[in-house]
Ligand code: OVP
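A single chain, nothing else alongside it, follows as structure tokens in the form predicted on its own.
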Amino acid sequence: MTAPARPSSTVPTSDADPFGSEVLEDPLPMHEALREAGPVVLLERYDTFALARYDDVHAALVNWQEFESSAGVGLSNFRYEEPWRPPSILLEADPPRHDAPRRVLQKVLDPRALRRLREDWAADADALVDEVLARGTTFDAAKDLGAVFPLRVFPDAVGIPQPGREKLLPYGDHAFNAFGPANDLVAKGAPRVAELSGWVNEQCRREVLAPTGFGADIWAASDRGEITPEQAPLAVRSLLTAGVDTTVHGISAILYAFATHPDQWQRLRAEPALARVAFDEAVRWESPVQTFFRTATTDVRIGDVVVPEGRKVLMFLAAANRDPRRWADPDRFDLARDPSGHVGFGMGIHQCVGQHVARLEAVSIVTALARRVRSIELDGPTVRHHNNTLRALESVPVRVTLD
């Protein structure tokens, strides 16, 4: 039997809507309120428990035994009556079903395996930056760089054909929206979901993929018996679902961070090796992935509150990443900080398997820009793109001065 909605008189409540337009535009006040309310807060609108403090979010992320992903990482459990996508073979699976695909993708996307791409991606980033700067010293960092570079390099690395690649962004946007409630954001993407999902399915077939690349490597692992032939296209699909939108928004986030922290841009210019640290600090500071759900597999005590078995728990990764209990001056983007403990990529067995790919893409762009640009600053108001799960920038107009 499901326990009562309020299992303890000590649980604080909130009527905030994490998926409302006002919060999606600026979630920071709600994050602060949730952190200050307590280790666990009941979100009354969704009858869901929320974790916003760093220690509690981190503990839940690594505790897959009591906070499972297999029931779905969205507000609702899987709805098989509308199977527009299969459950993610990584994100929405726990051991033992999770283990073999995870091992294969870790090997395929290992930093050592990415070394062969580093030179090509650096050259691609140089070419893109040259193209943008040739048009002038004012441009949109989100539209001209953030939304462009991942679609130039990542699909090639996976090995999917050129036609139709523009479908990856709206598909990913809908997939991350679907983790939230069935609101207007989900309704907006629904008319194209069958088309987009069908196209993504087609790209995962061995016959469609290039003979070399991440996709071919995954199918080769299937040939060796490391995963089954049924798991191989699902593993490729995981890359195409989660590997584009998140990186697009991560690159936009780091460029926005530098445009609003000019001293940190100068520090990067003086120390180019800080580009990797800068990306992780931007992920901490902006948290492109804001939230994920888990489901309690048993009654779990957090502080003075017992979260009952079967109940959804919403982990606010972004709130944890700015928790002053964990980070000094958390609202500042600071390259002097060690951001390595951030939870922007998750933590534990479900930590983002493609994070090294995202880092390489971001470092390539930032390094190419730093070689040519003396200063970067905002040149107008930024525009947010609302998504139920992602923190996204649709427009970041900037003005630069060149060397």
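Numbers follow the displayed sequence, beginning with 1. All figures in this text were calculated on a predicted structure; none of them were measured in a lab.
Unshown form predicted in complex with the ligand; subsequent notes refer to it.
Taking the partner from elsewhere, no residue among F19, L185 and Q290 has a non-hydrogen atom within 4.5 angstroms of the ligand in the predicted bound form. Interface membership of L145, defined by any non-hydrogen atom within 4.5 Å of the ligand in the predicted bound form, is ruled out.
In the predicted bound form, the ligand stays beyond 4.5 Å of every heavy atom belonging to R269. When the ligand is considered in the predicted bound form, W285 lies well away from it, no heavy atom lying within 4.5 Å.
With a 4.5 Å cutoff on heavy atoms, R85 counts as touching the ligand in the predicted bound form.
Among the residues F179, F149, Y256, W219, the one placing a heavy atom within 4.5 Å of the ligand in the predicted bound form is F179. Proximity to the ligand in the predicted bound form, taken as a non-hydrogen atom within 4.5 angstroms, holds for one residue of N321, S238, Q264, S197, which is S238.
Contact with the ligand in the predicted bound form, defined as any heavy atom within 4.5 Å, is confined among 271 to 279, 122 to 130, 238 to 246, 156 to 164 to 238 to 246. Taking a 4.5 Å heavy atom cutoff to the ligand in the predicted bound form, the contacting residues in 88 to 107 are S88, L90, L91.
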